[in-house]
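So here's one chain in two forms, each on its own in structure tokens, numbered structure 1 and structure 2.
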Structure 1
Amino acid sequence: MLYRVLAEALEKLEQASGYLEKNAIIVDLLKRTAVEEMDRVVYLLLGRPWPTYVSKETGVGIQQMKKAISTASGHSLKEIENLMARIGDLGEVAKLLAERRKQVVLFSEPLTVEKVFDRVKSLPDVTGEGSVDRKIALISELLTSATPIEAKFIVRTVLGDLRIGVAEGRMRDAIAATFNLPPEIVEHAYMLTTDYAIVAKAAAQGVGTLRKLGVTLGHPVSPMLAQRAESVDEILERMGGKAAFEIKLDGIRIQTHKNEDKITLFTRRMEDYTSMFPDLVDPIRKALNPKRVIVDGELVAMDKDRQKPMPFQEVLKRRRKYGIEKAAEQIPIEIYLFDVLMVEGRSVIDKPYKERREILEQIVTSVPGKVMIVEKIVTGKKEDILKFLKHSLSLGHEGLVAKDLESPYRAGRREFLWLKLKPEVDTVDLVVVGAHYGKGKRAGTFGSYVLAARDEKTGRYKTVTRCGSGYTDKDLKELTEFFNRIKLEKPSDEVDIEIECDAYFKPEVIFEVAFEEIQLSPPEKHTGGVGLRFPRFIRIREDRRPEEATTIEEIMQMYRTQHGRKGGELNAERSPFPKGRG
């Protein structure tokens, strides 16, 4: 396929505003794509020539890209600097200068998707002395042969900023529509592979090929998630009177892949964190007996003096590129394993929980202080559950997770097969979609943020609250600095919002928010139809993906439960949402 075809589709996607319009453009492109090109096209649609879980960057920054554009266009760096100051997008600068190109290229062949893909993919491997100049030369060679639109998207792809509003979540419906498949089958394949390029290529070969996709070493599996439960009685009712109860830890969800001596640690956002936790690699290698295995667990930071888990934010301090050894000494970590997905190349996700737990206990040799199995009990007695809950809290943990003894590992699903029980104030994980500037002491910062929940049926984000409490002065400063770098002038086309904001954001960052009560809200106030009373910022959930935000249905279920506790009735016609709150 000529790269021009892809670049023109990217241009249309950037200009399109609605979900259906963008979906139609992607479907049209995929229908024109040959099977052997499908993975390359999907990767480039998503803005990087490798899947999300591969920790690679091109290593090309703004300054190097300016030099490549200068070489290819014949325009000086000063001209490029002036245009960049005026336009603010180096892709658009490259497009403009390609139209004004000073030198004529003789015998230039049209760029293909394969050539652009392979060239960009090769950039991280260009290392050593003179690597910067060699990377500039490789990029300028592409730009020299590029049309203006091609130049624009080559530059953006190399810089990792495609700006077309197509996240991975959009690919499910596009692939399903292209190959006339149920979206659920496409989504299931993605949950097992976390790679829509692989899914699209398999779908192009037929539903039979798609169904063969499964758990693979080195490819993180979307984690199974837990619903919230209000009480022990609810748990026992849902799980037939008996369940497994595991201690619930508050850390980073980590999926460990062992392939012979190689250990890889993936987060629930499908990021490779292995390099950040080198002190865990050898203990995990010793603890996992099989040569090839995938296990699921939670990584927590431990207070060496108190021998209790440290707050979640302390765990996040270990996420760094530099000073790793010093951080390891200051913030020791442990990993607690609670599930197994593959053993010696054989998937076990379809086996019931009770069998997977037995397998886990057989294949793990604990390394005290580093690698352990999560403590659990199996019971149907309420007094035993409450006693175990008290034990969990005394150790400094969050609560319990109840698990259906017969449940398979449902990759990427949040269902009532796993239920979390916490004796604390209700919290939700919401996506930041807008902000308002503060006043008085908060002047110069964003003083409150507009937050949204996910509509599970449509995949869109709908507002449910405006949160201006719970931030420290340091939070306000750091959050403002961060969000100023990613702010938009208008709402993202993935968001339904009626509130006028001072700044808008793509639905990417998740806040955990505590609240006192859920109340119904008119749609002109909050498009989610509900609002949170007295919301309070707890923390950023850097371990959560936008697709894992609390859903509208989950909040409605909490609302129904809340009214059940109060003895009230759900009245969809009445909105007690007070002015100025939420």
Structure 2
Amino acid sequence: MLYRVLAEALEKLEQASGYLEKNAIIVDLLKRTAVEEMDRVVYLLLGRPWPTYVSKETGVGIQQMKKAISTASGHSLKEIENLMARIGDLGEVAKLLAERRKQVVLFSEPLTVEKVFDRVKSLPDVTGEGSVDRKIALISELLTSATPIEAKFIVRTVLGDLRIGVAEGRMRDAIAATFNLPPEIVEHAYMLTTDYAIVAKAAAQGVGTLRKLGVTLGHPVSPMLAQRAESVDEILERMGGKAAFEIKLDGIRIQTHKNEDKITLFTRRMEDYTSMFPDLVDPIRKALNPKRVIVDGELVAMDKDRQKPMPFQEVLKRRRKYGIEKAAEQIPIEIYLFDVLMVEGRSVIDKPYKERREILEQIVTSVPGKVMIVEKIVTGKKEDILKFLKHSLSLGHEGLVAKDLESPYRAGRREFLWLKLKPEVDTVDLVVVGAHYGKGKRAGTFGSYVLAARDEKTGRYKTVTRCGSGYTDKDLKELTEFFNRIKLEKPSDEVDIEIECDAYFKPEVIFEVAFEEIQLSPPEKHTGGVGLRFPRFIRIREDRRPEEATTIEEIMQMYRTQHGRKGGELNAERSPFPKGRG
């Protein structure tokens, strides 16, 4: 295919605004693309000659690009800088200058998609002495034979910023429409490969080929996700009376691919994090017995003194480009494996959980303190489950994940086959002081309420959370009717609030709210200085007056003890679940 066809489609995409309009342009382009070119066209449409999970860049910056444009156009660097200052986009600058020398194009071979693709793809491999100049020469050679529109998009592609507003997610519908396939099949193929270029090429060959796409070593698979369960009873009911219960760790989801000696670590968002955890690579290589294997797990940071996991934020500190070695010393990490997706080239995702877990246990030789298998029990007995939950919490972990014994690994899906069970720290009684209108289905009703706790010292009400979940449709309707009758234009005098609301209220009504964690909050957000994570409406406390609301001091006290509680002081008498709503 001529590159001109692609560049013209990119130009149209940049100008198009609506979803349908953009979709039609992509569909038209894909329909004109031959099967053997499909992957290249899709990659270039998405702006890079690699799938998104490959963390490669061309290594060409703005300054080098200015030089390449200067060489190709015969205009001085100064002129290019002036134009850049005026236009603000080097792609447009290249286009403008190419327009001024139309005659050159007549003598050169038209560019093909293949040539542009291969050239851009080769740039990262140009290394060593003189590589900067060689890269400039390679780009300017392309620009010399480019039409104005081609020049614009070559520049933008090399700089890694296509600016046409086509997100990867859009490809699902475009591919489905082009080849007349159900979007779910296209999506499923993407969940397994994380690469729309491969998916489009297979789709072009027919639904049979598309269905054959599967788990491939080196390509991250979208991780299977968990729904939240409200109670042990709910889990047992959904899972047929018996299930596997694993410790739920709070860290970073990591999918490990081992291909001979090469280890690659992908995050939940399919980014390659291998270079960030060099201290884990060797132990993982040793722990995994097969030559070629994909396993799933959670990476956690350990506090070596307390022998407890550190909060999730600590793991994130390891996510850095520089000072990796030092961070590795300060924040040691370990990985707990809980699933296996491929062994020696064969996908095992369609096998039931219980078989995958057996395989996992056979193929992993634990490296204590570095690579381990997540602890689990299989049971249908409520007291065993609660005991195991307590055990998990006493080790400083988050709770449990229940897994359906018969379930396959459902890539990219959040279904009821995995259910997470986390205790809510507690409930509090808070005063309603403001509200925001909802969106979509909730338009016209208040969709979330701003809640405050009382400051005992001053008697004022200070905000601590915004609560938008836990309401039934009926709750939302009734609450809106009620609060509409008492709404104020401005915050009530006795309330300290920084959040701008659609309506304000006198502190009169009390909500009981469950939450997972208390965090410190900047006073410009919540005037109470603390905030609740994952708040959930339980009910109105009609039996309580505002003066009886939970106080800021009480919430601070809960904040100070919450890690201790996570650390095992869970009261055996106290159910880890809030009182249900009946």
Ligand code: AMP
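If you superpose the two forms and keep the largest set of C-alpha atoms that fall within 1.5 Å, you have the rigid core. If you're wondering where the values come from, they're calculated on a predicted model, not measured in any experiment. Just so we're on the same page, residue numbers count up from 1 along structure 1's sequence.
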Q: Sort out for me whether 1 or 2 is the form predicted together with the named molecule.
A: 2
Q. C-alpha of Gly438: shift of 2 angstroms or more between structures 1 and 2, rigid core aligned?
A. yes
(Q) For a quick test of reading the superposition: does Val41 move by 2 Å or more at the CA between structures 1 and 2, rigid core aligned? (A) no
Q. Superposing on the rigid core, does the Cα of Glu334 end up 2 Å or more away between structures 1 and 2?
A. no
Q.
Superpose the two forms on the rigid core and tell me the Cα shift of Phe515 between structures 1 and 2 in angstrom.
A. 8.0
